[in-house]
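Okay, so we've got a single protein chain in two different forms coming up as structure tokens, structure 1 first and structure 2 after it.
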Structure 1
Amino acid sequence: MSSPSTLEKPRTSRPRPQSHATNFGKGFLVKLALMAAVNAFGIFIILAALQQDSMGILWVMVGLLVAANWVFFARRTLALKYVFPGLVFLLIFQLFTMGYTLYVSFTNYGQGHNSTKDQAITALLQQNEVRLPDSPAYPLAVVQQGGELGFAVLEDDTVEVGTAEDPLSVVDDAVVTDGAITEVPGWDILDRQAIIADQQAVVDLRVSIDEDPESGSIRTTDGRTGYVYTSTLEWDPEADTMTNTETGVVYTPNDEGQFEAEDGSKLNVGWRVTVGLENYTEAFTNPTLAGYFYQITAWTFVQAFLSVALTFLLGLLVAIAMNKPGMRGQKVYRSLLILPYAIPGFISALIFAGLFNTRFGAINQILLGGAEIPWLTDPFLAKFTILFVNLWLGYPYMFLITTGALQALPGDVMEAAKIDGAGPLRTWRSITLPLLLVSTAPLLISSFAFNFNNFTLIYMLTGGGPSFSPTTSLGHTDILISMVYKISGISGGEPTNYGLASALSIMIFVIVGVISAIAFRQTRKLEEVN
């Protein structure tokens, strides 16, 4: 029987870990300061969204702030603290972007349809303003505040100031001398020379009389006298019509987001409406776009496939040569080989654009004795140049990954193949290459996706040219993503059409996603080699 001294061992209580939420040490103070900065930034965005009447952004930001404070101050959310920032960035930069692009692809968002219906009505009323013969005139001074121009208008001994963004409002303590405004608190009055120096901006400036766009605006031609301009259009909210007061023509809304008269004439400002799958079918059915779309799609696949295949083969050959035992100067060669990979791609593309210049490039002038070969202006040579430059830029990456894969191959398997009598070619075909593809196939898939959307190389090297025809900005070397860029209208070469550009972006996403999924599924068969 054991003695009591051996049965009743003194129990040593393990110290209970202190909760991170109740540890008010230096770390908590640092966390408190960081969260204060995060909350201040979030409140700033909320106020800005409230000012712009963007209620969606406002409520999303409120939700994110509440979630952030709960995650970083609650007791049982330790794991969430590490993933919450990543989830926020995923929500903002991935899910929101994809969702908004999908929404735009179902609308007619583009030139003439950039805003809501209310904003379009306001723009129509403002753009159709004219000065009536009997419109009143007011003494006026051109004022400036922080680089923003405005008008100070004198009406019945009252001075009112407004800008292009803010309508006229009364200003107290303004000084009027001999019927002219000489001082406005908070504003600088421009003299004659300053008005002449910025004459076009002064003439183009329009200051609303009040919040109602039908009240008209104040404009000036000499910087001294302001005249009331009123719109020739009249908006009837009950009938939902726009009437031209000079001609009597009545415009009603149509399904395309525009005011249209009975004779088919339309007002030039419209609004965004849902058009269903129209943008998705336009790329295939539009007679001026479908032909280019098919050519560009085919070239996109060819360019992406050849870029991956050529860079992989060259990188693999160089890696095999560098891994040959006994080769001298391997470190020097490897350092030189990765130089193209170390230089930013867009800079290399610009340099090659200069080297391949038809008349002044070093390729033609030095290497080819002054021959004017159109490397970048001939459709076939331009595509060859893109593949060549992409090969130069991409093979160092393939060299690095294949070098690592070759060095990781199990030596016992190679030795067993040698003992079994397999020759070098059989060993390469049956063992080395399958094992190499097991580790490099996912990287080749990601490289295909990268080259499928390699906008930088196309934009910097050829700009998508040469053009298919003088009437379009689309060219023979455009790929789908550069086509999207041009169709969006951001480049200025085509009318803006964000709806069609978004639809094409969604199609590119689906194509790349499907190809990647199929390719990853096929690579599983290679794992059986292991």
Structure 2
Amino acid sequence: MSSPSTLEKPRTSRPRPQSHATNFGKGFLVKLALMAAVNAFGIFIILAALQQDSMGILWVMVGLLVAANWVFFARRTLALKYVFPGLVFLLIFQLFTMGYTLYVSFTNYGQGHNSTKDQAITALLQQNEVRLPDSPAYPLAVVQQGGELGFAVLEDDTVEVGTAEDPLSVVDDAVVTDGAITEVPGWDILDRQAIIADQQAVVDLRVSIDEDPESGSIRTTDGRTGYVYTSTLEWDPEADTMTNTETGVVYTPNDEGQFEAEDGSKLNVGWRVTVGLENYTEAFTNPTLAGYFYQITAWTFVQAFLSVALTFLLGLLVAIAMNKPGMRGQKVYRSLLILPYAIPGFISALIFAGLFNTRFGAINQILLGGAEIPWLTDPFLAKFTILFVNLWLGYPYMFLITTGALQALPGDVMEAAKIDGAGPLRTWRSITLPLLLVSTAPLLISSFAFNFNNFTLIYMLTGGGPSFSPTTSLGHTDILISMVYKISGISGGEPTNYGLASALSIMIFVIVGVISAIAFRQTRKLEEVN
């Protein structure tokens, strides 16, 4: 907890007969019950983390529990009692994730580098398994327990059971009839049909013989006979090398988190290592990526700026038109004109995706008499369409805020301008607009930040398309955030690259932060001038 621990004495703690921390009233009992529940939950998580060897989660949980008990039972933590619950969520799900994004951006986390070195070694040993040429065949039964598959293996006269998670261990009281396992206590034996139904899972299942991955594992191809498979790779913990037992090639770890042989060949499973600023420079220097990156960045800025400017102008026009006391139908107009703002953004975006569809969409079919204009698939038109749809989505917000601002304009200044002989246009340009901008500027800045990261609109309307080239998923209307989404590979189907995606995320953080800071400073200047 980085939060303030020492509090100025709150006025509530002047001497009183009883402090409520020790007052065994109704409130205290409620607190006691709630804290008991929190502690019970915390201990449950700690035990679960211990079982899974997740030491990070374990220590964080211990810290949170200690902090929670201190905050709610100490007397000098009054303010923290109120901030703590929200703070816990903020720390874990916002500050931590921001920090973790920064950390991941310095690593090569992603496809081929998904885990720790130990896990990578285990995976390598497993993946490179081949059946021992002279290995004996063991009678085997496929068993199941709570949805988890396992093998029961008959070795000599003992039956051993294991799963993908747990290596083989002896079970007592198993029944063997005619050399086949017919009953295993606590496990259901799968019949022929069940094995066929689940064929792929059975073939893929490997059960380690013991804890040491080099002892190999049992596998089966028919669900009846098991063979011992061992790895063609051999791991030498002392020398920190992998040796291929067939070819004799020795692989040593390199700086990129992979085992590499002297001839430069690498093993396919690597682990996470820190790569410094590589991900950051990658976006600028990688020949295939850099060009797209520049284009996408430029379009992100253009898109955010134009979206704010166009919606502001249209919203303002409507606000001015409606800003006339005693105009008929004003209320009805106002209520109907802000309807686009009240419809969830994802729905609007999807509706427009249909309206602008090249072959079947209403825009081409009804308005343009069947012209097949590629609104969403031509690089230029797609950009135009996005701005158009954003105009529809965004002008009501600007209409609302400019209406408020217009009504707040001081009448005497207008009057003075008129007396000084300023025409309507001059008054508008020199007085109305600057005053309007002062009061709406902070909202325009947050609107810019919002449009800068308007993922939903882009993703649902064009999906970032049309693609720059057939070999990339990145497209002409992608903005930085949708580029991050595609590069991260989280959606599946493409190689994951968490490191690069995080580095791009951090760059967006920085851009948005710098723009906000500069813009807020500028608006403060404006305010001082006026």
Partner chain sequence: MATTTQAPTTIGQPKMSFGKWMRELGWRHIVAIAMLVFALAPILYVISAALNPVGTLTGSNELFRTVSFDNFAALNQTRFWTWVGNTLVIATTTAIGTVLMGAAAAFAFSRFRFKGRRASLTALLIIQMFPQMLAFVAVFLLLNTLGNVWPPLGIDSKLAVICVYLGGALGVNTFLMYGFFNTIPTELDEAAKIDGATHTQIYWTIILRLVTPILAVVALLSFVSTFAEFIIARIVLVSESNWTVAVGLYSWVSSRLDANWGQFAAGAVITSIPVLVLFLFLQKYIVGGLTAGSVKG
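Please note that residue numbering is based on structure 1, beginning with 1 at the start of its sequence. A quick note: this is a predicted structure, and the numbers were derived from the prediction, not measured. Rigid core: the largest C-alpha set superposing within 1.5 Å between the two forms.
*Name the structure that matches the description of the form predicted alone.*
It is the first structure that is the form predicted alone.
*N454 C-alpha shift between structures 1 and 2 of 2 Å or more, rigid core reference*: No, shifts by less than 2 Å.
_Taking the rigid core as the reference frame, tell me whether P466 has a CA displacement of 2 angstroms or more between structures 1 and 2._
The answer is no, as the C-alpha of P466 shifts between structures 1 and 2 by less than 2 Å after core alignment.
*Align both forms on the core first, then report whether I481 has a C-alpha shift of 2 Å or more between structures 1 and 2.*
No, its C-alpha moves less than 2 Å.
*Check the Cα of P424 between structures 1 and 2 on a core superposition and give its shift in Å.*
Displacement of the alpha carbon, after core fit: 4.5 Å.
*Having superposed the rigid core, state how many Å the Cα of A36 shifts between structures 1 and 2.*
Its alpha carbon moves by 2.8 Å.
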